[in-house]
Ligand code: NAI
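Quick setup: one chain, the form predicted on its own, written in structure tokens, and binding and motion questions come after.
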């Protein structure tokens, strides 16, 4: 009878063993992929594997572990590696997860470019660095793209796929299929744009939220309630465009009914905030009343957030339209 590792559908290298790298390793293992988790120092990978083991055991106990395999079987698919050549040997997909530093990432991809063959997808987890800045000049540029996850990736399934202008369509197709296989929800950007899609939307919300607080329209706490108990309730299940479609007799009806009001309000939006000074201090103090900014309180709140996301993901899977 085949061992769990030998029955895995292929090899994946995860480069960088921080929070994002650990989540990617868990996701790939949940779908049966053999994962080599690489970092420059063995002690970092050892710590990562210990963290993964603890998290998987807790997930299994709560019935929230992804995939059809048990925690031990999934853990057997993840191995540590401190030699980058060894890490990518036999891999069909490399997921980079090093810190968000352009020069560091460019150096890494230049190194990978000299190691890998013509069949390996080189994918970056970057949240905002454009593919043209990461991959231009690489021999294997056709095999490169950004696959930006949402933190924490294990609980939030969206992945933005952003190609370099020279990325082969087959590279995007392969990565899209891989993301679906591991249970994520990939979206394709047909061209690169600063901030990609998620952060452009997020920053637009943050910017107007900040202005409303800075101008004294409402308190930071009430502002957050507008999203958590208002917009966020429906946006957890449908996006802004479908919301428009459903809030009238279809999209054309919505535009005809509300476009003048939308344009009037949008013209009142102010300049991009500085996110500093008195406004920053006011928001900071309000947030610290709710969640003190010491490591213990922040970690506890993140754990609470992740539990909520886990339960929301479970609910959404049960409520998928037939």
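Numbering follows the first chain given and starts at 1. Here the structure is a predicted model, which is why all the values come from computation and not from measurement.
The following text describes the form predicted together with this ligand, which does not appear among the structures shown.
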Residue 205, heavy atom within 4.5 angstroms of this ligand in the predicted bound form: no
Residue 44: touches this ligand in the predicted bound form, heavy atom cutoff 4.5 angstroms: yes
Exercise: residue 94 in contact with this ligand in the predicted bound form, heavy atom 4.5 Å: no
Residue 105, heavy atom within 4.5 angstroms of this ligand in the predicted bound form: yes
Every residue of 18, 98 and 127 near this ligand in the predicted bound form, heavy atom within 4.5 Å: yes
Heavy atom within 4.5 Å of this ligand in the predicted bound form - the one residue of 280, 40, 291, 58 that qualifies: 40
The unique member of 243, 136, 151, 219 whose heavy atoms fall within 4.5 Å of this ligand in the predicted bound form: 151
This ligand in the predicted bound form: contacting segment from 253 to 261, 58 to 66, 267 to 275, 31 to 39, heavy atom within 4.5 Å: 31 to 39
